[in-house]
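Below you will find one chain, with nothing else, as structure tokens; this is the form predicted on its own, and questions on how it binds or moves follow later.
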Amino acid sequence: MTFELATEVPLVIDTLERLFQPSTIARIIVEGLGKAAVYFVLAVGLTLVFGLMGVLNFTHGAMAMLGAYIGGLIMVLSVSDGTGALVRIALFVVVLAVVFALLTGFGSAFEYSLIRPIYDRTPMYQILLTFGVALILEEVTRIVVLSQGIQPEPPWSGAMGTAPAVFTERYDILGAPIRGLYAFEIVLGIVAVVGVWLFLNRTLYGLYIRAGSEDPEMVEALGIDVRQAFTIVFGLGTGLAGIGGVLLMWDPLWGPSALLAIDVLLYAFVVVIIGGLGSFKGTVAAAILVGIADSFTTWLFATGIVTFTGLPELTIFGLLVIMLIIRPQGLYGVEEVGGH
């Protein structure tokens, strides 16, 4: 026992010394904010649908998977070896818009045709329906990609290879080598936060949504079609999931694959529950918390201090368990939200 303590104490001291170096702090924060931006985009659509509408949408991860594959297909067909970095980034922005439009339309049609008829039934109907559709979408995707000679697992390297070199290279920030992709994800995350906030707080439909989630009967009595507003919200939530999938297309830790559906769904639910159902502010805070925790534990593994490969996932789901014990409604959640 004395020998074990003698060997472990210097290791702990060395770890703390390395942790508080400016380069380490910069790496954890920048990479953590990049991860947080992706987590926010993946979770905010679920926040709108699950929190404000009370719909348990288990197709959310499958929509992100479709977004990654559709985005990857467009990029592979549009990009060649001679395509410059600026053109690739411009194409990526176009892909974001295309995927968002396609999946928003698909999500709106899905809500109108299948979800709307079961609003007045128990949540179990929503769970079974959306879970079944998610399985169908995942298996159809497997069939399609296999027919094109693309393996559904591991991630599609062809789509990941369309990323410009400026995103795959590392840049020195306070002595820390930071991948350029993280800075790009932070910018897109800020745009997403501002855009969703403006939609909820500065548009008429945002007002309808917030009012309809609190008292749909009163809103309908005022002559407002709440169901139409919810159809738009469901479509937007699906479109945001697709955008999240496109962001993961270039991420070396993710990439387009059939497994993306369940992974995205789990992480999105973690962020939404930690932040509080239906809370936009909570989703932002939870995404940052989860992103920093992910970055910190990834640093521990990358430096060889910890050899357990599942430490980031264990830490994130550990945060979820702690939150459910200490504050079940989440950081900014309330006792009861949404529903019909």
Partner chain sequence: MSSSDEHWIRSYGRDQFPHVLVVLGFALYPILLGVLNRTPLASEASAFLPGLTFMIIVLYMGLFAISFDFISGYTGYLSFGHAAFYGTGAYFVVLAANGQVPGVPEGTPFMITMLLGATLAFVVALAIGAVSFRLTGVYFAMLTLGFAQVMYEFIRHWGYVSSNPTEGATIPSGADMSIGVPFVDSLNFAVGRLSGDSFENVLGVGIDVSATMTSYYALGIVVLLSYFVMQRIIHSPFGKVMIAIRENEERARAVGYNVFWYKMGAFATSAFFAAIAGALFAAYAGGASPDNSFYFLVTADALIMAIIGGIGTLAGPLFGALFHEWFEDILSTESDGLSTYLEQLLPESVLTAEVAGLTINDFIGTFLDGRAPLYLGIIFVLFVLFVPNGLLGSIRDRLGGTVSKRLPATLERYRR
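Only a predicted model underlies this, so the values are computations on that prediction, with no experimental measurement involved. Positions refer to the first chain, counted from 1.
Here the subject shifts to the form predicted in complex with its partner chain, a form of this protein not shown in this document.
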Taking heavy atoms and a 4.5 Å cut-off, does F20 contact its partner chain in the predicted bound form? no
Using 4.5 Å between non-hydrogen atoms, is A302 touching its partner chain in the predicted bound form? no
Contact with its partner chain in the predicted bound form for L96, defined as at least one heavy atom pair within 4.5 Å: yes or no? no
My question is simply whether M124 lines the interface with its partner chain in the predicted bound form - judged by any non-hydrogen atom within 4.5 Å. yes
What I'd like checked is whether G84, L91 and L331 together line its partner chain in the predicted bound form, meaning each has a non-hydrogen atom within 4.5 Å of it. no
Out of 311-319, 27-35, 289-297, 60-68, where are the residues with a heavy atom within 4.5 Å of its partner chain in the predicted bound form? 311-319
Of A211, L114, V79, I178, the one that lies within 4.5 Å of its partner chain in the predicted bound form (heavy atoms): L114
Heavy atom within 4.5 Å of its partner chain in the predicted bound form: which of L253, L204, L128, L198? L128
Within 4.5 Å of its partner chain in the predicted bound form, which residues of 252-288 have a heavy atom? Give them in sequence order, or say none. I262, D263, L266, F269, I273, L277
